[in-house]
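Next up: just one chain, as structure tokens, the form predicted alone.
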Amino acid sequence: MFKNPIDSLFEKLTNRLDEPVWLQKKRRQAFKNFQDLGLPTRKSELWKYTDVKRLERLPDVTDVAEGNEHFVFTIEGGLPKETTMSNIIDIKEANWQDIKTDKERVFVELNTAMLNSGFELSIAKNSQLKLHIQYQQISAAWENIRTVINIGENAQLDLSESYDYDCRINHVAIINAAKNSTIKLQSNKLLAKTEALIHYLKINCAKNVSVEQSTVNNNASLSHTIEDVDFNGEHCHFKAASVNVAHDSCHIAENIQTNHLVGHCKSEVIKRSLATDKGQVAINAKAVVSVAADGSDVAQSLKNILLSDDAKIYSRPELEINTDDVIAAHGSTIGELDELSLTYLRSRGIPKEQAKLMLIESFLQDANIFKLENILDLIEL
């Protein structure tokens, strides 16, 4: 059978890799899936306001990390006993976790096909781990990274992660949380205005899991995140808060879906976004409550401020509820800084720029889990 040049190039690439046969088969199948699905378009719900063609117009990478390590780990107190970490290509086939994809999540397939690096971290039950991970750009090409974190029963994970400033990364992350575990997750995506980050995160929650997540997105030619959270056990509590700041002509998109597959779980999503110049932010928060998920509690709060006439923000909360016994609330606002409040502050002798920052600080305090002084430094009025 005739093979087109792309197929032949991909086959040569995988044949040169020193890795298990099963992983090469995964790569080939993922590459075929990627070709069959094609790139997302404006008709794709989670990409409706994202210009995918920006990925073709990125300038050359100029800041490449020294060495050949994609990760810098900082562990406070050392690894707990019985906690293990493996290179992603060294895991057993049975431990590989397939992700259900569609045209919206097609970059997951590309991540598998072109996988550069990754790890599987398994945290022992009844243990605690405080960890910081810095994701680095080590070549001029796209970095395709896959990470898997398994959290044992009654374990606690405090994870902070940051992405290299000059970043071109397609990151697929999976977190599997066993019952009674607790997760605190902080992500800082402070990117150059010419760079790109594609991020897919899947969180699987067993019974009585608590997750507190906070994210800061600042700039990037294109930063696009899709997050899926599955409640597989009752009495889970998930809270996600984020701040998005877009300057110049940067594009930021955040998409999160919480799936209440069983009852008596609570999800709370708080998004605060600012856009100035020709910056664009697109926010989509969706909660799906299944027929069997009685006693679910869902809250979504999306608030946004435009700081210039040319800035754009798209904000959409969604509820899909298939049972009656539910507490649910959602809301979205898009506006400008309140002129009356601004006039009041200036009448008290406060300079205009400082008055604007005071109003922005008050706006961001709703998120309640951020160090505001760090975020305010990112805002260019």
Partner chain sequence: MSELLKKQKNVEVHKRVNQSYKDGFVTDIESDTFPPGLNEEVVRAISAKKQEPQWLLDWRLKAYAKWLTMELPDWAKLKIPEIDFNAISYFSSPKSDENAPKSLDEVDPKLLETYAKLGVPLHEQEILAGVKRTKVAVDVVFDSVSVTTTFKKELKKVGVIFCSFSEAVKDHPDLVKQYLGKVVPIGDNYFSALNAAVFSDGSFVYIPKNTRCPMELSTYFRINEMNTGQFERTLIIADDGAEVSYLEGCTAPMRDENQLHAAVVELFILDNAKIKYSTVQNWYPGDEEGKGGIFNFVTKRAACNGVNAKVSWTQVETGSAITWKYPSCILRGDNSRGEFYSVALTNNYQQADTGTKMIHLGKNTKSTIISKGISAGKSHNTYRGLVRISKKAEGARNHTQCDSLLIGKNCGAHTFPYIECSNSTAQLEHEATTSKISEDQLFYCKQRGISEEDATSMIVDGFCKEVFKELPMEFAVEAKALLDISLEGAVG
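As the structure is a prediction and not an experimental result, all values here were calculated from the model. Residue numbers count along the first chain shown, from 1.
This protein has a second form, the form predicted together with its partner chain, left out of what is shown; the following refers to that one.
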- Are any of the heavy atoms in R346 no more than 4.5 Å from a heavy atom of its partner chain in the model of the complex? no
- Does D51 reach its partner chain in the model of the complex, with heavy atoms at most 4.5 Å apart? no
- is_contact(A30, its partner chain) in the model of the complex, heavy atom dist at most 4.5 Å: no
- Message: With the partner left out here, check for me: in the model of the complex, does some heavy atom of D98 sit within 4.5 Å of its partner chain?
- Response: no
- Partner-contacting position among D36, D325, E56, E353 - heavy atom within 4.5 Å of its partner chain in the model of the complex: D325
- Query: Just one of 99-107, 264-272, 299-307, 146-154 has heavy atoms within 4.5 Å of its partner chain in the model of the complex; which?
  - Reply: 299-307
- Message: Need the contact residues for 261-287: heavy atom within 4.5 Å of its partner chain in the model of the complex, sequence order, or none if there are none.
- Response: K286
